[in-house]
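Listed next as structure tokens is one chain, alone, in the form predicted alone.
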Amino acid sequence: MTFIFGVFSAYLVTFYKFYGVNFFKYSLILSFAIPPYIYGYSMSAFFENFGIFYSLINFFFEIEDANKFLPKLSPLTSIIISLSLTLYGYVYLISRTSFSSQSANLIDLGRSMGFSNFKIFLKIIVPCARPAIFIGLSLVAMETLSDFGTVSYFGVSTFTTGIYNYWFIFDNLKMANFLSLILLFFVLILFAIENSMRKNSRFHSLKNDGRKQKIFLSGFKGFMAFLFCFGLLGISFILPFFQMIYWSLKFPEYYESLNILELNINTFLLIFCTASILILIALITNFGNRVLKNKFLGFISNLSISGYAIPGIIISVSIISFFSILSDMTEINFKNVFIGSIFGLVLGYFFRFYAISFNGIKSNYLKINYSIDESSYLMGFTRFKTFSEVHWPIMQKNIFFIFVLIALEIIKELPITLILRPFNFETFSTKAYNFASQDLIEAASIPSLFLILWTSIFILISLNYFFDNRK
């Protein structure tokens, strides 16, 4: 489903002109603002008996027993839909970037051979973008394997729910570790495949290739293109967003049980502390690799970024297991310091999201020629002054983008926060999950709405970084 949604929407906004195409080019990425578990809450309530869909049927058709027209979605089907409509953005972003960089001459060659637009899409565009599309799909697969909130809400047994249940319900850490090891095996296979595809993907265009001319769609074709993009945006973002607004306005009494200011402070405290530490360490590591050019240091640095492929629940159980064993082996009680504390929570985020800061800063360093460093050394600059006077001004703008990306991940992260947080320490994600697990979906709407609002703001701020406006 993510292949269909992501690739086809990227194809439409890249190669065609139709009403609203410039709006959809940016707005389709807003699906990232909806975590899968929140989409699951919204969808289950939308289709429940006497729910919103029931009310809509009664309003337009005045049917006495409208419940019989409600779709009976199984828990597994509901999970698949929730994950697909919130994760297709990975495929959309990477596919669109690949489509934008493809050679216009290849497409013109296809037209000169009499290929239809559909045949050009199947025979030229998709094969050329296959490595990029596969990277997007592998990221979706890793996110699916690591999902906890959605499968837990719908009551479907997966590795993540099994790990959580064995640890917190049955108090069996050995079995939780065993399941974590099996899940880690599957995840690392996907990570290795994705990493291999990313290293082997190369896109070369001919010189003076020129810009691709978009095909103007009018009439029925233009309407269908608009309908597909608008429908995808509406189902993936507008529907859950406005449903949360509706519930928040309809049930204002739930505000009394919430401390919105405290939830905001807790969430942004975690974002600021974690992002600052991640960016600082990534800067030091990348600068050290650049200056020392040590292969072993480079290998260790590249190995450290594999954490983004490891599910949050595995990281949480690993931290608990490690500091429990360390406390038993020594006289120092590390469990009180790192388990159920801000320090342990930040440490969990560090392992999970370090790859974002490391790769972001590394990509910036690759754009800085080594001759610039040599010139600064000839001018008498020390290494630190070279960094502060030469490197930092070049990277400063993108550091903010890295901060936004980390904030997006932390604000949506559920299992690490749920397991490693201090007692009575709540964020928007944990508050929404706790309400939903008690079958108080309407109460979960308020923290969910704030979560969606903040993630949407972060995404809108970073749109210029996601896309090249010239394309």
Partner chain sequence: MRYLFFIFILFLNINLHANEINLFTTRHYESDIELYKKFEKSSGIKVNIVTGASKPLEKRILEEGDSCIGDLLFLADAGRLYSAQEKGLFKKTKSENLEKIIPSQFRSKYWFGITKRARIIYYNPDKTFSEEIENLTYESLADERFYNTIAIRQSNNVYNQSLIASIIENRGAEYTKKWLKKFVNNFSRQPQGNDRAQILSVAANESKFAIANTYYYALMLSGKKGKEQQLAAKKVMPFFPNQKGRGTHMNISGIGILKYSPNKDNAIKFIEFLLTPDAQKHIVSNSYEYPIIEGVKPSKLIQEMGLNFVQDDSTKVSSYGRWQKLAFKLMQEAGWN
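Numbering follows the first chain given and starts at 1. Here, rigid core means the biggest group of C-alpha atoms that superpose within 1.5 Å across both forms. Keep in mind that this is a model prediction, so the values were computed, not measured.
The same protein also has a form predicted in complex with its partner chain, omitted here; what follows describes it.
* To do: Have a look at 316-324, 281-289, 395-403, 364-372 and name the one stretch with heavy atoms inside 4.5 Å of its partner chain in the predicted complex.
  => Only one stretch qualifies here: 316-324.
* Taking heavy atoms and a 4.5 Å cut-off, does residue 169 contact its partner chain in the predicted complex? -> Taking the distances in the predicted complex, the answer for residue 169 is yes, it comes within 4.5 Å of its partner chain.
* Is residue 340 a contact residue for its partner chain in the predicted complex, using a 4.5 Å heavy atom cut-off? -> Yes.
* in the predicted complex, residue 431 touching its partner chain (heavy atom, 4.5 Å) -> Judged by the heavy-atom cut-off of 4.5 Å, residue 431 is in contact with its partner chain in the predicted complex.
* Any chance residue 134 has a heavy atom within 4.5 Å of its partner chain in the predicted complex? -> Taking the distances in the predicted complex, the answer for residue 134 is no, it never comes within 4.5 Å of its partner chain.
* With its partner chain left out of view, choose which of 34, 407, 420, 414 has a non-hydrogen atom within 4.5 angstroms of it in the predicted complex. => By the 4.5 Å heavy-atom cutoff, the listed residue in contact is 420.
* Note which of 382, 165, 264, 388 lies within 4.5 Å of its partner chain in the predicted complex, where distance is taken over heavy atoms; exactly one does. => Looking at 382, 165, 264, 388 one by one, just 165 meets the 4.5 Å heavy-atom criterion.
* State yes only if every one of 173, 335 and 437 has a non-hydrogen atom within 4.5 Å of its partner chain in the predicted complex; otherwise state no. => Each of the three qualifies.
* To do: Sequence order please: the residues of 262-281 with a heavy atom within 4.5 Å of its partner chain in the predicted complex.
  => Read in sequence order, the residues that approach its partner chain (within 4.5 Å, in the predicted complex) are 269, 273.
* Asked: Is residue 323 one of the residues whose C-alpha moves 2 Å or more between the shown form and the other one after the core fit?
  -> No; residue 323 is a residue whose C-alpha shifts by less than 2 Å between the shown form and the other one when the cores are overlaid.
* To do: Please say whether, between the shown form and the other one, the C-alpha of residue 167 moves by 2 Å or more once the core is aligned.
  => After core superposition, the C-alpha of residue 167 moves 2 Å or more between the shown form and the other one.
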